[in-house]
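Encoded as structure tokens, the following chain is the form predicted alone, with no partner shown.
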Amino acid sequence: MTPALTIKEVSHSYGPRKALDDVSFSVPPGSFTVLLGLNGAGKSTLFSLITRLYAARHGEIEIFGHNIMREPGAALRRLGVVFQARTLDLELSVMQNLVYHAALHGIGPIEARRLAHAALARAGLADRAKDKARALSGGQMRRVEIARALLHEPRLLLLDEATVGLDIKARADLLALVRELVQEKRLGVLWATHLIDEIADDDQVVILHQGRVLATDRAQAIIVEQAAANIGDAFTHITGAAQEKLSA
């Protein structure tokens, strides 16, 4: 089965500082994969490479087998993204935000409104279509951004620290929505976070630390391998050992 996302030996530097160092992993289709790392681990840099905000000069990135440098159109058509920074136009209505985004993907206004109404209903925001984006709560804005990212029916969804700034209930609701999408639409999801409590035992986890992948497996398998009580303790063991090796 072709992976939803393949990252192979990807490196990236900002001048003399290496932000990513030979990163390799894959995201299976129809799966929830967590990219776990502290702030500064390289998560946002990797997302920028996957979405072609930065050019990937070292390594290969493929979306459902389509290389993002050689086949950018085919690759990016299969990709939806929710970035860490909020990107809604606050002065437009929710529907206007979605219709404008759909137009960028070549979707006409009638079809765009149909798709937008369906996406908002799935996100529990069917009654907010006419409201200005600035009238929404932080959690509702994130739901709209997810609805927008899915308008062109991608098969891979990236979310970069999507719950930052949200309260406990909004975080839980957003996670539940994305997990439902994985099950119902068979989306491949890469969920980047530094928050341990967003990880379930059966999630695929990629631990990224200082630009390097230190572990990739099911969360429960990582816990067992590290003889840890939970994924938080396992993360501490793995990253601590890496720091000791660098300091030696």
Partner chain sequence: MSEIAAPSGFTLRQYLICLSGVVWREGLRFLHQRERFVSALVRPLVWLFIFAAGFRQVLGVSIIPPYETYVLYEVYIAPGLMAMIQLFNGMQSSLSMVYDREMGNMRTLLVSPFPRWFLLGSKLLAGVAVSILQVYAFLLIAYFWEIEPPSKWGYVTVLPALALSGLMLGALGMLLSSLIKQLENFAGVMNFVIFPMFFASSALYPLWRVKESSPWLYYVCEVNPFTHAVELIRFAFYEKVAWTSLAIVFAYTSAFLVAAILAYDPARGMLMRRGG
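Positions refer to the first chain, counted from 1. Since we're looking at a predicted model, the values are computed, not measured.
What comes next is about the form predicted in complex with the partner chain, which does not appear here.
- The candidate site formed by 76, 92 and 155 is fully in contact with the partner chain in the model of the complex, as each residue has a non-hydrogen atom within 4.5 angstroms of it.
- Shown alone, this chain has one stretch from 123-131, 84-92, 136-144, 173-181 that lies within 4.5 Å of the partner chain in the model of the complex by heavy atoms: 84-92.
- Shown without its partner, this chain lists 31, 220, 216, 48 as candidates; in the model of the complex, only 48 has a non-hydrogen atom within 4.5 angstroms of the partner chain.
- Using a 4.5 Å cutoff between non-hydrogen atoms, residue 165 does not count as a contact of the partner chain in the model of the complex.
- Of the heavy atoms in residue 53, some are within 4.5 Å of the partner chain in the model of the complex.
- Within this chain, residue 118 is remote from the site of the partner chain in the model of the complex, having no heavy atom within 4.5 Å.
- Of the heavy atoms in residue 105, some are within 4.5 Å of the partner chain in the model of the complex.
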